[in-house]
Each structure stands twice: as structure tokens, then as C-alpha cells.
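The chain below stands alone, shown as C-alpha cells; this is the form predicted alone.
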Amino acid sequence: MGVTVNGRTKTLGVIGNPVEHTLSPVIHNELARVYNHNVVYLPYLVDGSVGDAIRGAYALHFGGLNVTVPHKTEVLQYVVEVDEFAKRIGAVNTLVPAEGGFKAYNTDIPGLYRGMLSDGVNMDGEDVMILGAGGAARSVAMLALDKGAKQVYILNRTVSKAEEIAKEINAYAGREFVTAMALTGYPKLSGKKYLCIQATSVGLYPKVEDVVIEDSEFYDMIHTGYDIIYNPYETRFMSLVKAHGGRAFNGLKMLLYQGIIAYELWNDISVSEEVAQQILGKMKEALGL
């Protein structure tokens, strides 16, 4: 049954620039169909004032908003409350109506972890390597701390950026939890197998042959690799992990579950794993997979 738009229809959406190719409407409108919710989810291009967009959405009684690049940090200025985990991450992607405005959450990183769990991967007790030292890498390192990882190694071309993240998270952890390293420093870590998260845009379509580290020896060290990219569906990083006997996953489930967690927050429901897999199938259809 499709949604009949009427005076009781709840409006949801995503703001960002660009938003033309977002898969979020596939996720949320399919969830609305499955649960027979009177909800419509639309993308909104915001290339001007983020504050005006947020205030306008609240004035128009939107049921919730997602926020994508480049607004995930700036939007923090325009909300009335920020979830504690989102404060630690320093970026948000989901806004939930509250008294006088919106409360902000980060469902991206919990979405990554929920995707990991669905693949049978748990960070508890793991030694984790993270490629990159941008916002995504910082968020993954914070997640690793939150979920009981043993140790994190951030490998980046510019070591000083990795050191900034390490200093911040180690201060929060109260111990030497994160170690910053150059990309060429990985041989120091040999002797065990690692969970590795590729947290850069390297390898993103159309530059599908690019990879952060080429060396064959590096991939021998990885038992499971996650790439936050999902276009292409199998990145070169993933192919190299698999070629060396490891398991490899892309970022499509991260996108799926960040959307599901947002939908749960907006509608006070719990989405089953069976429904999640159904939505994943719709996303693959939309990607032509």
C-alpha cells in the first residue's frame, strides 16, 4: 500500500549539497510502506543558510531531518540539544523534534556498528587499524573506544593529523588507546591479524583503482576489512583484503542502518533484522545491483 498524502502526513527529509543521488528516500519511504506509516521522505538541496532551513523545518512541523555533507557540523549551531555520543563524535546527521527546536544525533557511527554486528563482527577486544585521519576516522576511533576495542592504530599520509586524533581520544580515554602512524609504518604491527576500517574517500567512483596502501604485505595483516565507500560495490581495498584471505564489506550497510536508526528515533519503533534485509534489497535494486 502506498502513502496517501493528506493533512496528517508526516514530512521527513534530508538536507545537504548535493542530494540528487541520495538513497535515503529509498530507505525511509520503503520503511513507511512496510509499517503503513503516513510518512513522506524527500531530499532538500540546501546551499545557503543552514539555520534558515532548520528553523523553517521546525516551523513547518517536520517529523525529523537527516543532515548530510557539507552540513553535519554547522548544523550543531542551530539545534536545542545534542545527544551525548554525538557530542563526542562532533558531527550529527539526524534531527529529532524537541521542545523549541531539534535534538541532534549521530546515527552514522552506530549504523556502521549495527552493520558490523549483522556481519558477525564485534569490536570488543579487537586490534583495529584505521586508514585516514579525517572526521570519519576520528568517529570510528571513538566508536572503537566505546565498543571495547583493545587498541587502535590510525595510519595516515600526514602523521600530524593522526596525532591530533590520537591526542584527543587518548585524553578522553585516560590511556594510550590510539597510536598515530605513517602509512609506511604498518610493518611495525606485523605478527597479528587486525580489523581494518578504510575511512577515506580513496577508491570512490570514478577513481575505482585507487587504494590508500598498495603493499601486498599490508593485506596479509587483515582478517576483516570495512570500506565506508559503497560505490563501487566492491572497492579495490576490498578486493585486496579478499585476495589475501580476509573478509571484506562495503559501506552500504552503514548507510542502511544509519537510516533505520534515524527512522526508529522519529517513529519510536524497533525495525527488525528481517525488514532491514528487505530494505537492503531495495537499495541494491536502486543501485542496479
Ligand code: NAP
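Position 1 is the first residue in the sequence shown; the rest follow in order. Model, not experiment: these values are computed from the prediction.
Below: the form predicted in complex with this ligand, not depicted.
Student: Exactly one stretch in 29-37, 240-248, 227-235, 58-66 has heavy atoms within 4.5 Å of this ligand in the predicted complex; which is it?
Tutor: Stretch with heavy atoms near the partner: 227-235.
Student: With this ligand left out of view, choose which of Val82, Val202, Leu117, Val96 has a non-hydrogen atom within 4.5 angstroms of it in the predicted complex.
Tutor: Selected option: Val202.
Student: Select from the listed residues Leu145, Ala133, Val75, Ile89 the one whose heavy atoms reach within 4.5 Å of this ligand in the predicted complex.
Tutor: Of the listed residues, the single hit is Ala133.
Student: Are any of the heavy atoms in Ala137 no more than 4.5 Å from a heavy atom of this ligand in the predicted complex?
Tutor: Ala137: yes, in contact with this ligand in the predicted complex.
Student: Does at least one non-hydrogen atom of Arg157 fall within 4.5 angstroms of this ligand in the predicted complex?
Tutor: Flag for Arg157 set to yes.
Student: Is Val121 part of the interface with this ligand in the predicted complex - any heavy atom within 4.5 Å?
Tutor: Contact check for Val121: no, nothing within 4.5 Å of this ligand in the predicted complex.
Student: May I ask you to check whether Leu183 falls inside a 4.5 Å heavy atom distance of this ligand in the predicted complex?
Tutor: It does: once this ligand is placed as it appears in the predicted complex, Leu183 has a heavy atom within 4.5 Å of it.
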